[in-house]
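So this first bit is one chain, no partners, the form predicted on its own, shown in structure tokens.
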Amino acid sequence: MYRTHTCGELRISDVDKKVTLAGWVQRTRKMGGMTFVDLRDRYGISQLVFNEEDNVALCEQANKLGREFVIQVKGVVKERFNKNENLSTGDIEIIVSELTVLSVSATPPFTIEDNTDGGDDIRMKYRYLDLRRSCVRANLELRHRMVVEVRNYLDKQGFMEIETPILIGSTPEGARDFVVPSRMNPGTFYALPQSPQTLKQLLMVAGVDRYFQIAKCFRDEDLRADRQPEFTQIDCEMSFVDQDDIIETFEGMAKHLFKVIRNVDFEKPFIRMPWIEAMKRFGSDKPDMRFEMEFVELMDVMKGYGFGVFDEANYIGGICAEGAATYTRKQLDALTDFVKRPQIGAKGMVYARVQEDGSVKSSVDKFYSQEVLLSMKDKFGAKPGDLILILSGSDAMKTRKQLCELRLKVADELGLRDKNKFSLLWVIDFPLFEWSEEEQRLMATHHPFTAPNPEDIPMLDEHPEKVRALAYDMVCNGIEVGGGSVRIHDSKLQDKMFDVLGFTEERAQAQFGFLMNAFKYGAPPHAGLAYGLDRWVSIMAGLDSIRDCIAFPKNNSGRDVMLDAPAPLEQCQLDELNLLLKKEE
């Protein structure tokens, strides 16, 4: 065998054992007549010792080892004189009697250390080397552990794991599909699933009342830190349940994961906040609740005093940053520049400091008396030393979203977004529809199979924009980690949904006829949810990007720089698939 023990296994209790280890050379150090080698594998590092006094030839062989050489050694475990408290094996070392080089290595393009000298691009190109770093590998180990816990939890709850197809039909409603041409059926295409949505609903019709899958999903959309073109969902569906049943089941799973992974207990039920309330209080449908700075509306206090920006506004609102009155003019100007960025779109920012004597000093003093400013301060409940930041605009929803970005920016600067603190809630009562400027029509906020709130069904004809959905998102630290809805299981209501969305009967039948036909044979009430596994792992690991918990991620352009994909096809492949590329003009 190549090894009797791993490099992270041996302890002081193993002293005088004869062992065989195998792994990668982390580093070598020559000190007089002795050479020390750190040998690494997935499990840890062990120190190897070569002594010229014992074996000159063996020591010379060790001196020729380079970083990342793969070697096998045989030797005896001894107590280490200079112990290393930072290593689990730091109390022992191996006195080597035999060395075999299994594979030589070129000099790596970056150091295989936790604090590496490699940038993102070079590490992604050589991802197989990056994965040797213990901090990166730990993320994959955490991911593995979470998947095991999810499977065990759902199995105990009576769920059945079922795989659904990767090659399916295109469903243009929602994000863009990745399409796959069919060689055997020229001129036709498969699509890669954005989610197993319709398939898991068919499983409910089939009588599988509790389904789950660790499902690969694909969306051809612009990328951010928490998005990849391919990602993994913990995809679930249940029959004969309502919204409360789903929330209780998967809140239980979230609490279980936090307990076993982070040893964090949540004794109280998670908050349930209606979408409209979340937008009014925080300007976001995924509010970060780890800190305060809730929005305060100021239309009744600040409008009508001759300050044109506010007098012409349809919304005036602000946040109060506790203890931040020490912000300098330079810092405040930087915040103003931040909200004026095109991505945010505010025209400016007003600020006010609460002085030590309780008075208020603001950037618009000439328009407002101290009496009005004190009234404003009272609206926030601000105290001496606090900083008030105010935005306004003609569109209340857009201005709230701008204020949300400002709130998060200030919280980052003040260190209020502690990655070891967790605040979870459910956002419920989403709008069933949203207006698409691109399509110039109503679109389903989640997907066309989401059930409307029964109280709002009468408004589907005249005021569909006011209809609430039986939909729910779980939010953790300002990140949507999962969401779902109660599904429509009545064919007539589903037909009505398609009608509001502008589907002709023919189009609805062409795209979703298989589901509608299945509903004719007895569809149970059902509901479901999908958690983003990548996002869950990144939160548990305290990461800023989901890329760091995916073995082989894409970059921000959707490219795999290691495999050089996507890449052009050979002409013979294009001919086989009956594809003709349009030439760029």
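Fair warning: this is a prediction, and the values are worked out from it, not measured in the lab. If you superpose the two forms and keep the largest set of C-alpha atoms that fall within 1.5 Å, you have the rigid core. In case it trips you up, residue 1 is the first one in the sequence shown, and so on.
What comes next is about the form predicted in complex with a further copy of the same chain, which is not displayed.
- Only one of 209 to 217, 443 to 451, 301 to 309, 87 to 95 places residue heavy atoms within 4.5 angstroms of a further copy of the same chain in the predicted bound form, namely 209 to 217.
- The listed set 99, 205, 425, 253 contains one residue whose heavy atoms approach a further copy of the same chain in the predicted bound form to within 4.5 Å, identified as 205.
- Checking 374, 414, 457, 162 against a further copy of the same chain in the predicted bound form, a heavy atom within 4.5 Å turns up for just one residue: 162.
- For the chain shown alone, residue 542 is not a contact residue for a further copy of the same chain in the predicted bound form, no non-hydrogen atom being within 4.5 angstroms.
- Contact annotation: residue 37 falls outside 4.5 Å of a further copy of the same chain in the predicted bound form, judged by heavy atom distances.
- In the predicted bound form, no heavy atom of residue 30 sits within 4.5 Å of a further copy of the same chain.
- Though the partner is left out of this view, residue 152 does reach within 4.5 Å of a further copy of the same chain in the predicted bound form, counting heavy atoms only.
- Contacts of stretch 42 to 58 with a further copy of the same chain in the predicted bound form, defined by any heavy atom lying within 4.5 Å, are made by 42, 43, listed in sequence order.
- With the core held fixed, the Cα of residue 12 is displaced between this form and the one not shown by less than 2 Å.
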